[in-house]
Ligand code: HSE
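Single chain ahead, by itself, as structure tokens, in the form predicted on its own.
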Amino acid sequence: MKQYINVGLIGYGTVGKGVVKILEENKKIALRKVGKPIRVKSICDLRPIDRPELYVKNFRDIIKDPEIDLIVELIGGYEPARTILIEALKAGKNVVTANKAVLAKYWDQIFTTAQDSQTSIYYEASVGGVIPVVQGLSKGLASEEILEIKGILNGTTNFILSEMTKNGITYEDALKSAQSAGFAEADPSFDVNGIDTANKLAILSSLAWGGWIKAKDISVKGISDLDIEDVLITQNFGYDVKLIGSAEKTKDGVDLSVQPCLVNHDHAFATVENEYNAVMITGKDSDDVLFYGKGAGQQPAASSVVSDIINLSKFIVTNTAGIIPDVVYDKKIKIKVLPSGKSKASYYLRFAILDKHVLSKISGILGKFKVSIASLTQSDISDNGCAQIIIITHKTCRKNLEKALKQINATKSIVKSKVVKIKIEI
């Protein structure tokens, strides 16, 4: 009979330190829920740590340790994280990870290995910080046919967009504010270019539909070229700008995208500010289910990791972990992805023009490519000799719109600069 659940922690950075702190401070809560105390037996990191009595230099020593029941991987990146996960699962160890990048890229290999070795891998902290969306999707909505997943899935970008919206500042200044507040890295490209959101969307979509949706199959656009002028204009039209990850099941395939979108002021997403995340999952019978909480920061992420440790430990105590796969994954299932050009939506378009009389040319080109105008606003010529036309389209095929804008952008007598295009999501 086990006296303890022994945890081996690989990666002792910000989140790793938070995990150790929560496990020690909340040990009575863990004991009550698991029935056995949970303790960190070993910690591996690249350099010596502030807990020398627990320090292990080589991660394979933790994997080979027969007393370790559960391994927590928190180093991030692709390698050696993938190697750690695969070797741990093959060694019969159950695993907890917060690594969205490695899961999205190696979903097939990781979950096939877990099933073959009858081990479990929990990964709640990989999506949405403290939000229990993975458990909610896999267990709370287990009976559902999932129709749609939409979410604000990155705390860094949401903080930046909140700063731009509330304070009317440029992207560059908002990024500096996010870095000063500790929500953006010195190199924020993984976040602001939409890659982080795409990885998380790939994980949720793969979980929802039982196959493997790859991040590279998702159409991705980040926020780094977002103009504060468009943020302010769309505010007056009743919208907020948010970076939205979207997966929608259609008869022709799953429509996948990550991009800045306009959401109505009265939608729940418009109230999600700063480092908070939100995910809306739509089921055939359940309709809309909203998950909301902090998506960035040491303690929210660490809290989510510890929740996985506790939930997995319940099965370790009874020797039932991994007997029934936690992720229902079948590599034979091929999920059809809708080509991005066939995606349909309404759009906000901003044209900078030198001559007010070009409107007929713009509407003519849009009409030629079957892009229908829902509303139009035109300003007077300003002091710099430029006017603006703002068009809201009806739902239109993305491929048709891009063809129309390509022709308009190529005609210098029509527009002074490249047309701005932002999808209207909700």
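All residue numbers are counted from 1 along the displayed sequence. This structure is a prediction, so every number in the text was calculated from the model and none was measured.
The same protein also exists as the form predicted together with this ligand; that form is not shown, yet it is the one meant from here on.
- The stretch among 322-330, 227-235, 190-198, 77-85 whose residues place heavy atoms within 4.5 Å of this ligand in the predicted bound form is 190-198.
- Contact with this ligand in the predicted bound form, defined as a heavy atom within 4.5 Å, holds for exactly one of Leu153, Ile160, Val258, Val133, namely Leu153.
- Put simply, of Ala208, Ala114, Ala215, Ala296 only one has a heavy atom within 4.5 Å of this ligand in the predicted bound form, and it is Ala296.
- Proximity of Lys100 to this ligand in the predicted bound form: non-hydrogen atoms within 4.5 Å are present.
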